[in-house]
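Just one chain is shown here, as structure tokens, and it is the form predicted on its own.
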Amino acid sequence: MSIPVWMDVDTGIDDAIALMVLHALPELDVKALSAVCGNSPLSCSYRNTRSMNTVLGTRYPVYAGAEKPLLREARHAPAVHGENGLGDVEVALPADEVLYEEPMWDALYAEAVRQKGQLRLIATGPLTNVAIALTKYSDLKDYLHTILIMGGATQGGNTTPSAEFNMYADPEAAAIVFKAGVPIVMCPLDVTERILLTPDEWKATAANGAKTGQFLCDILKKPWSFHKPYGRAGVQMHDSVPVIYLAHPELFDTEEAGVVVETKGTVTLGKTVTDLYSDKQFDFKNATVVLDADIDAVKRIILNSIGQAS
């Protein structure tokens, strides 16, 4: 029996790749997608998410969410994702597209109720949409089976020395989500930064004739131009990690932890403070934190998924 999934994204190059993986995995049943402001403005992330229906030949419902963080100015990442969020690659919207006017949080609640507590929510952007939904519907926590998050870090950050981008972009929203009482799986930078696709690997997908392989090559040009000068071997596949974890948890090592998101600090704003490596422990365990992965197996799933998506 497949697992019902809702995925909330800020599409985003690694989000786009994660959507290809999500679509390809037979264990997962995609109920809907939603977009949030993050890697790019909502106008771009919403359009990009809808355009993935063109790439995949699908008709997944796509809902728009928050245009900005709860309390802060929006932050974007054009140096990595391009001005439009897809490496400045233009993808047409589906010719027969159906637009869904309902806000993400209302549609998510309705779907969670329909799924009777079995819906898994994967969130790979800032957690603004999720926080709004949990705040508006106090009983949503009882209808969500799990929230799987790409975000945070147990050691350092990629936006500041303390914070990962999604947490830093809307720390107040992240704090709400981690306090909500829904079971959480946190896939932090410590693991996601190790899931790299190299130029040889993504070029091979195009050479094999996969249409999505050529799409992969096109969208990775922008982040590769950003990462290559730093001596990295490839481009990180952050957002595919929670998708693959949901389908194949056996490929990952985890530990239960207490996690709190810093909202008041200056140097530490957006830091996911865990008790994984401290003598002093929190008096709660609110997240399953992914600590390690079978890197080769995860990469095989990503590359195979891209081939299947064509």
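Everything quoted here is computed from the prediction, not taken from an experiment. Residues carry their position along the shown sequence, with the first being 1.
We do not show the form predicted together with a small molecule, though everything after this point is about it.
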query = Of the residues L216, L189, I122, V235, which one places a heavy atom within 4.5 Å of the small molecule in the predicted complex?
reply = L189
request  = Identify which of N158, Q115, T146, T205 has a heavy atom within 4.5 Å of the small molecule in the predicted complex; exactly one of them does.
outcome  = N158
query = Taking 4.5 angstroms as the cut-off for heavy atoms, does D170 touch the small molecule in the predicted complex?
reply = no
Contact flag, N48 vs the small molecule in the predicted complex, heavy atom cut 4.5 Å = no
request  = Decide whether T128 counts as a contact residue for the small molecule in the predicted complex under a heavy atom distance cut-off of 4.5 Å.
outcome  = no
request  = Determine whether any heavy atom of A174 comes within 4.5 Å of a heavy atom of the small molecule in the predicted complex, and answer yes or no.
outcome  = no
message = If contact means a heavy atom within 4.5 Å, which one of 235 to 243, 128 to 136, 107 to 115, 175 to 183 is the stretch that engages the small molecule in the predicted complex?
response = 235 to 243
